Ligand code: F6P
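Have a look below at one chain only, the form predicted alone, in structure tokens format.
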Amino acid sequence: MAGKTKRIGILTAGGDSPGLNAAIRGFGKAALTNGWEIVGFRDGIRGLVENRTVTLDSRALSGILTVGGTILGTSRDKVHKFQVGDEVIDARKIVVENCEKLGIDAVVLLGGGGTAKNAIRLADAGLNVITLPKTIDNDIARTDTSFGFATAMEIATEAVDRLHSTAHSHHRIILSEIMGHRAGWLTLGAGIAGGADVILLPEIPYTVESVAETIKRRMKNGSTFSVVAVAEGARDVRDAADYEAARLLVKAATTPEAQRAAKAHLANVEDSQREHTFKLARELEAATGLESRVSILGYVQRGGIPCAADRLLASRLGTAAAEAVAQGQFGCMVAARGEGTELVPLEEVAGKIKLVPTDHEWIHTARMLHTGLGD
């Protein structure tokens, strides 16, 4: 079966993430062992459309295991709405023609939920595709975890650790805003591991009164500082309701005009809530009398050397993808399942988000530690 697949394309899409190069290496080394040729596409879907490639031989794969980012570059382009100058085109036919000219038998895409959508569109156009789950957010459906998450959680945990000393020294409330989009996995994990006093998640809308009460209780018990881990997607009860209502309007829109209007409204709501952590800091300062400061970790969480757990996971998923290609299994994502892997149909991944269940063990752990969750 392996002899039938001679040239395999590979690309990275969406945001960069620790472990991408480890996954490229894992797949590439396993593929080269099968005698295949590996073609890397530059800058994600954009390179696939513009036919910008690089040969990934053993020399190209050497020394990249510990390197952050992606040697191939990445982008957030959509294959069916591809920007060319001022024009937006459906580039699926172009991609198929490029792959035919190059003799590409299959394309491996490293990315998250958006990449899974692109992969389905390419599969519908006739290409053999398979994806690997990559994101620091850990929000990809149907996989236990994704590479990039463990490293980002280590970085965020260290940040929360370090903020304790400043908060303690200056008798302040310090709010650390942590990435994660609409999922709270990263904030919850780092908050527990870093000993945050309050953890605020998108899945549990908070009230300022509840957060302030947790801090006042600490003050009553002799603590003159508090560290609050805030997910970038966390909202108070009112803002969460406004955001959800705006999202439902987008889902309910049945015409292009209505959809454009609903999306514009959602964008306005998002813009109005963009600095919610600073707003919360001001509200907590007024409610508690303690100075409040904000530390936004930002892209530092996505950069740098991947930790051992992410290197191992990325290598496992990469080699498993090579096995799947050898067996002719396409239209799926290689999911992490326990200590093994599982092939999951892309339809079960695309457009889905894995949020933190409110009865999750990590939530239970936080409550048992008397960590405030704002509810």
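The numbering used is simple: start at 1 and walk along the sequence shown. Predicted model only: the values in this text are computed from it and were never measured.
Only in words, not in the display: the form predicted in complex with this ligand, which the text now covers.
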Quiz item: Hey, of 134-142, 212-220, 97-105, 275-283, which bit sits against this ligand in the model of the complex at 4.5 Å between non-hydrogen atoms?
Solution: 134-142
Quiz item: Even though this ligand is not shown here, does residue 119 get within 4.5 Å of it in the model of the complex, heavy atoms only?
Solution: no
Quiz item: Is there a non-hydrogen atom of residue 148 within 4.5 angstroms of a non-hydrogen atom of this ligand in the model of the complex?
Solution: no
Self-check item: this ligand contact in the model of the complex: residue 179, any heavy atom under 4.5 Å
Solution: yes
Self-check item: Contact of residue 302 with this ligand in the model of the complex (heavy atom, 4.5 Å)
Solution: yes
Quiz item: From the list 203, 232, 154, 77, which entry has a heavy atom within 4.5 Å of this ligand in the model of the complex?
Solution: 232
